[in-house]
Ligand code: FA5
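One chain comes next, on its own, written out as structure tokens in the form predicted alone.
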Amino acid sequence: MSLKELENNIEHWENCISQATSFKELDNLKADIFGKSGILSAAFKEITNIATEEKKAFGEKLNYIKQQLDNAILNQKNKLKDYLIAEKLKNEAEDINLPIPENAFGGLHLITQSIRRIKAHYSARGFLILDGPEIETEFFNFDALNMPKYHPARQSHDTFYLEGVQGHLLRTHTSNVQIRSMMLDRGKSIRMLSIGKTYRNDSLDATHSPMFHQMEGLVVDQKPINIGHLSSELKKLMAFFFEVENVEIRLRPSFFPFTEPSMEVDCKCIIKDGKLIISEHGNKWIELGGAGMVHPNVFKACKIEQPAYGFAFGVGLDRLVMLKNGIQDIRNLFDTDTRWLKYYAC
């Protein structure tokens, strides 16, 4: 076949190659083109009959044609490989999972159940359900909450600071949401609740975790609010969460930089069959959280117009869940044991 005939038939050979449906068919085409008796081999033999001054141009054209057809065969071979692998995977796929019982269904984690239940309850009561960033600045996490630079909670042994980002940290409480809410709605009445993950530099054991969930509430108004209102709200919270009709609480003096006065919240309980039960008829007290009246310095930092009154409360949600369900070890809340998850799933 002459060079001119080869040039005119390149498209024909490329079409034949692209339509090959097996490696055998592709090998036959390759033999017809590149084999000892192939069209290209025959063309290269013609070089001896070409005038010396035309040999270079003739050889370059032949090599160009050879490269084109060689690439076409390689591309089709790769396409066939991909196709055959896909077909094999489709036809020979095996399910490596364990068989699932017909009555096995997924469910919500115990913490998720509690969060949704609390949010629905407070939302129905007119509270705003708010959240804020888990990576926070020192201003929202400490400064605006009346925590001076020398406060021990700001030290690295209590707080996770971000490397390479000056003044940023993983929030140590959800109080940052309260500050953001007050700065956004300053001068207005606020009734809000926040629930979310918080982080502290604690070692993981039965009662501590470097990550835990916290729930905080805030009520602010220009009309007088006092400890009586706070006590009433705390009773409602505990009665709702533990699903009892009435609770008895006591407020013990304490200290938090962002409230004045500050207090620890205890609740009456009884131990029955090794299980703690919240009851107004109990004979023991258990601490469940902290609370207090919003400190004037916090109002000042948030530029809240005076006069302003407010109270705030906070509880560790994980601990409440543990107490309610008789869980002794907080690590169980992060376990992946399906038996445990199934027991508490809903």
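Each residue number is its position in the shown sequence, starting from 1. Computed from a predicted model, the values in this text were never measured in an experiment.
We do not show the form predicted in complex with the named molecule, though everything after this point is about it.
Think of it this way: in the model of the complex, the named molecule has a heavy atom of just one of Arg116, His208, His151, Arg125 within 4.5 Å, and the residue is His208. Residue-level contacts in the model of the complex: of Val298, Leu69, Leu288, Ile278, one residue has a heavy atom within 4.5 Å of the named molecule, and it is Leu288. Among residues of the shown chain, Gly314 is one whose heavy atoms approach the named molecule to within 4.5 Å in the model of the complex. Taking non-hydrogen atoms only, Phe256 approaches the named molecule to within 4.5 angstroms in the model of the complex. When contacts are judged by a 4.5 Å heavy atom cut-off, Glu136 does not count as touching the named molecule in the model of the complex.
Not displayed here, the named molecule is kept clear of Phe242 by more than 4.5 Å at the level of heavy atoms in the model of the complex. Residues with any non-hydrogen atom within 4.5 angstroms of the named molecule in the model of the complex fall in just one of 80-88, 244-252, 125-133, 169-177: 169-177. Residues are counted as partner-facing when one of their heavy atoms sits within 4.5 Å of the named molecule in the model of the complex; in 193-228 these are Arg200, Asp202, Thr207, His208, Ser209, Phe212, Gln214, Glu216, in sequence order.
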